[in-house]
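Only one chain is included here, represented as structure tokens and corresponding to the form predicted on its own.
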Amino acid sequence: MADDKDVLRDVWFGRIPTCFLLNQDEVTEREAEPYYLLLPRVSYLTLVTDKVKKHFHKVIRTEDAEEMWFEYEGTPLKWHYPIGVLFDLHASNTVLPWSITVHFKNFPDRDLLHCPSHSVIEAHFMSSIKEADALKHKSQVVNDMQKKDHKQLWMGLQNDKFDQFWAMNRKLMEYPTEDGGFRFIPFRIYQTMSDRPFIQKQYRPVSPEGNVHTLGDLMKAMYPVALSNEGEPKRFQVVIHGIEPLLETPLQWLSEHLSHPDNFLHICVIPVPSD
């Protein structure tokens, strides 16, 4: 892969200043102070909030504390989506710090998956990596790895170790030069306006005629509504990691450099903010 290590580093170390507030309906023994954290965009809420749980457990009775879950302006936040995706999808036009409400009861079973332990997050993360490699290399790379290699990917994410993670993830980003890219690009397109969780289909980085596919080509094929016609006012932003990449950017480059640690390119389509 192209050695644009600074881009990989910037993506990995992206942070969102966040204020966690206890839901007002929770019964507390004394007033609950808010808790502030810089959340890593590439991680998962339930992986980085042990300190939040500990902080609020001090003020609520143990018997009242059920499974912790999070909500932003009435929307339960899906822990199995990367933090950056949740922010871009629901809060990208909010004033920072991002204000998240913490709950310890009335878990919304219909909206959220339960997450009783870090091993559940690890299983979800590894299944995403395997799914991505099935698309990219027919699973050949991930199947050639040993169990300790899989563990190194997970520990790199869990402990926020960029070098440890990328020493192994590099292998998942390689491809034969003559192929011009991966077999298919692992991507998911999210929109707030849809009941569908996301769009995910097979899409190649290069056309049968040998033309390089771009982000604009992908959007035109998968979600043309996101693009404005010439002369029309722009209605939507196409956002990856909080930025709007140029629509002319080659998909293969984006997949190598702006994928999340789960090896998927997570793309959010959000309405242009009205002034």
Partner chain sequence: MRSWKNHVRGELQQRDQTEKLPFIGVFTSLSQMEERFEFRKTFLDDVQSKSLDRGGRESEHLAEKLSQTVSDLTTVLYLKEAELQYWQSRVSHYRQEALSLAKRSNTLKTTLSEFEYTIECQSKELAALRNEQKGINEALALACREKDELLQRWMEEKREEADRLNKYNDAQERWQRVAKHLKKHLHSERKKEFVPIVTNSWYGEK
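All values reported here derive from a predicted model rather than from experimental measurement. Positions refer to the first chain, counted from 1.
Same protein, other form: the form predicted in complex with its partner chain, not shown, and the subject of what follows.
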{"query": "Contact of Leu265 with its partner chain in the predicted complex (heavy atom, 4.5 Å)", "finding": "no"}
{"query": "Partner proximity in the predicted complex: Pro245 to its partner chain, non-hydrogen atom cutoff 4.5 Å", "finding": "yes"}
{"query": "Partner contact for Thr249 in the predicted complex: its partner chain, 4.5 angstroms, heavy atom", "finding": "yes"}
{"query": "Any non-hydrogen atom of Arg170 within 4.5 angstroms of its partner chain in the predicted complex", "finding": "yes"}
{"query": "Residue stretch of 60 to 68, 222 to 230, 202 to 210, 32 to 40 approaching its partner chain in the predicted complex, non-hydrogen atom distance within 4.5 Å", "finding": "32 to 40"}
{"query": "Site test, Leu113, Ile121 and Phe187 vs its partner chain in the predicted complex, non-hydrogen atom cutoff 4.5 Å", "finding": "no"}
{"query": "Contacts with its partner chain in the predicted complex, stretch 135 to 149 (heavy atom within 4.5 Å)", "finding": "Lys148"}
